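The chain below stands alone and is given as structure tokens, in the form predicted alone.
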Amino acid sequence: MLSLENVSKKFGETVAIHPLSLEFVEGSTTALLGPSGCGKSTLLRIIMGLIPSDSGSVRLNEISLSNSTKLEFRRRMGYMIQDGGLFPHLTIRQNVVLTANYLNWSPKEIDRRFAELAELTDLPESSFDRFPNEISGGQRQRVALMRALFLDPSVILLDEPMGALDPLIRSDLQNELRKIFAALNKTVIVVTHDIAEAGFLASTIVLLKQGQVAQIGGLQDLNSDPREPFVRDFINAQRSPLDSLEAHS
């Protein structure tokens, strides 16, 4: 169980996160959804321990996040960002095994885990010794996912992981991610501004508005029973042009 209790964050006079409490059930996939500037990525970085909250607590099972525990906390989490965050001067393999080398894993352990994740993410062997700029955007995201999963974390955090991909590659990767999440049974939190992506990947959606929780539920819950005008407006704003054409045909 990952839980946040009364977590808040300000940057100067700007309130990024109003005090909020959330629970993420073990093995579940949750989407943090909302428009730009609503606090999605800030919340993810607080969970990861990359920035401190101004109040409240973050807890993963028996560990509370603090200055003394944040390194252990991070090692129990895999983190993947929009462009993958790969080091351009390292090969694909070197990027993936970087943390394991730092933690002095044996070569045999590293080889076994690398092969396991390459098969899971369907990364071709021909890419292992290439550099990030020599492979496609979709493959870079698969590499970033391998790196996030390498230490077998309890929680996987994904910050707009497909935001920079073209629609076809994005669709393929969404399908792959959903299969991988189901196979691993990890606790997953994915940040997105795309409601269709949130509904496809996650069983629970946390819709944020200006650093506050507007509504929590499944996609059908938000669509059929919006609790405030913002929820309805956000959903309507994302309906595709084809939906609009069909509605008027």
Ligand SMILES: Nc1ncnc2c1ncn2[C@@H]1O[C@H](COP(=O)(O)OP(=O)(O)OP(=O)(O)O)[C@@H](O)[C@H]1O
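All residue numbers refer to positions in the sequence shown, first residue = 1. Just so you know, these numbers come straight off a predicted model, no measurement behind them.
A second form of this protein, the form predicted in complex with this ligand, is not displayed here; the remarks below concern that form.
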The one residue among G49, G199, G39, G217 placing a heavy atom within 4.5 Å of this ligand in the model of the complex is G39
Within 4.5 Å of this ligand in the model of the complex, do A16, P35 and H193 each have at least one heavy atom?
yes
Given that the partner is absent here, state which listed stretch (23 to 31, 41 to 49, 63 to 71, 217 to 225) has heavy atoms within 4.5 Å of this ligand in the model of the complex.
41 to 49
Taking heavy atoms and a 4.5 Å cut-off, does Q94 contact this ligand in the model of the complex?
no
Is T99 part of the interface with this ligand in the model of the complex - any heavy atom within 4.5 Å?
no
Does the 4.5 Å heavy atom contact test between Q82 and this ligand in the model of the complex come out positive?
yes
Out of 137 to 162, which residues reach within 4.5 Å of this ligand in the model of the complex, heavy atoms considered?
E160
